[in-house]
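Single chain ahead, by itself, as structure tokens, in the form predicted on its own.
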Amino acid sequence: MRAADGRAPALSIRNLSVRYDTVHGPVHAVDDVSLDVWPGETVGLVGESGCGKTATALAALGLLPRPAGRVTAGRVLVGGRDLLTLGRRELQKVRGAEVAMIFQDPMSALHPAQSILAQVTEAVRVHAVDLSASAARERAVALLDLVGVPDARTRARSYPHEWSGGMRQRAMIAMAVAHRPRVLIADEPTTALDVTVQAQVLELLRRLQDEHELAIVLISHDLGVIAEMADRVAVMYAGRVVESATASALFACPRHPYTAGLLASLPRLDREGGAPRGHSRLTSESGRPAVRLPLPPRCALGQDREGCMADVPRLRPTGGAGHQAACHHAEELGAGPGHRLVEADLRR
């Protein structure tokens, strides 16, 4: 796929499927997912825990846990190359240089027995082996200064446990952008941060994107963060993308019952008690999300319709402007306030 000006997406995921082999049998964590991210664009990836967001990101970078996790189909294109066909050494050259990832928990991602300076320096030298040790350290200090670490030269000699969560996340971002990658995958980068630090980290990502025309995949449970940061949003459910649209279109008029349910579950200051009337929120069947099943019985719109129970719909255009939804009744849902059509039938 190319734009009218001939540009290709910075990242193109095509028909990606991922399976985990478990003691209880195979789990299809990602099912035929396609996603394009353009230079300078932020695409939000949202959905409940277990829907396949992180598995999609890990598969794209060849980081699935082995031997349980495996890619069973699809392509991941960066710079015209399919990352899924690369050998281990070739893939190592791509990670960090062309595609980088910020992990959810920086405390777990950072080595507790190495200083921040040592770890950022190592990230610099991975793709700059000819750089001297002193030059790599200077580059590491410059990167930490770039991401807003005060007195970076002195503080970089500290260990991860001596830094706050927000500062550790800045260190992870510094490592991720050390080689100016085309694509940055941020997996819940602000989950453990307070709102003030969260705003600072998001502003940092925006600034780096503007300066380097980064393509960002932002994985988050926080729909407020997605609304603030994303140009487009892909909603995942049971391993599949069930809706894709610009952020403004998706928040204004969701075309899939699951998306409508996610939005309806948000506390609202303009409603009594800070929550939607009628207890309009998602609940889980037996406490677990569905795996490779249609949305019913979690969907009030399709519970009594035979076609919804028998067939899993594919993404199709609805509502214009690139809006797509995998729902037999997307137009019906788009005709009115979505949250009214997705009422919780189960009470916990």
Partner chain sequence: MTLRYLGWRLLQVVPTAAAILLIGFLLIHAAPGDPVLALAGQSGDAEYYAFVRDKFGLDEPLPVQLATYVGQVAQADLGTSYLQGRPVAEIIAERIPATLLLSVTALILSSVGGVALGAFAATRPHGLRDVTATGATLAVYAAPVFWLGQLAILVLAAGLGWFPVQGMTSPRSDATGMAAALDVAHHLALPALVLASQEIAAVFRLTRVGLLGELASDHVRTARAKGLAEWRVLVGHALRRPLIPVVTVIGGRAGHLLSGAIVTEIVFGWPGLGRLLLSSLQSRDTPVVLGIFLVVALFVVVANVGTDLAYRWLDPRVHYR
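Numbering follows the first chain given and starts at 1. Being a predicted model, the structure only gives us computed values, none of them experimental.
Note that the form predicted in complex with its partner chain isn't included here; everything after this is about it.
- Only one segment in the set 204 to 212, 107 to 115, 237 to 245, 139 to 147 has any non-hydrogen atom within 4.5 angstroms of its partner chain in the predicted complex, and it is 107 to 115.
- Taking the partner from elsewhere, residue 159 is found to have a heavy atom lying within 4.5 Å of its partner chain in the predicted complex.
- In the predicted complex, no heavy atom of residue 231 sits within 4.5 Å of its partner chain.
- With a 4.5 Å cutoff on heavy atoms, residue 126 counts as touching its partner chain in the predicted complex.
- Contact between residue 163 and its partner chain in the predicted complex is not found at the 4.5 Å heavy atom cutoff.
- None of 58, 315, 35, 308 but one reaches within 4.5 angstroms of its partner chain in the predicted complex through a heavy atom, and that residue is 58.
- Shown without its partner, this chain lists 200, 72, 92, 191 as candidates; in the predicted complex, only 92 has a non-hydrogen atom within 4.5 angstroms of its partner chain.
- Shown here without its partner chain, the chain has 58, 63, 66, 88 in 57 to 88 lying with a heavy atom within 4.5 Å of that partner in the predicted complex.
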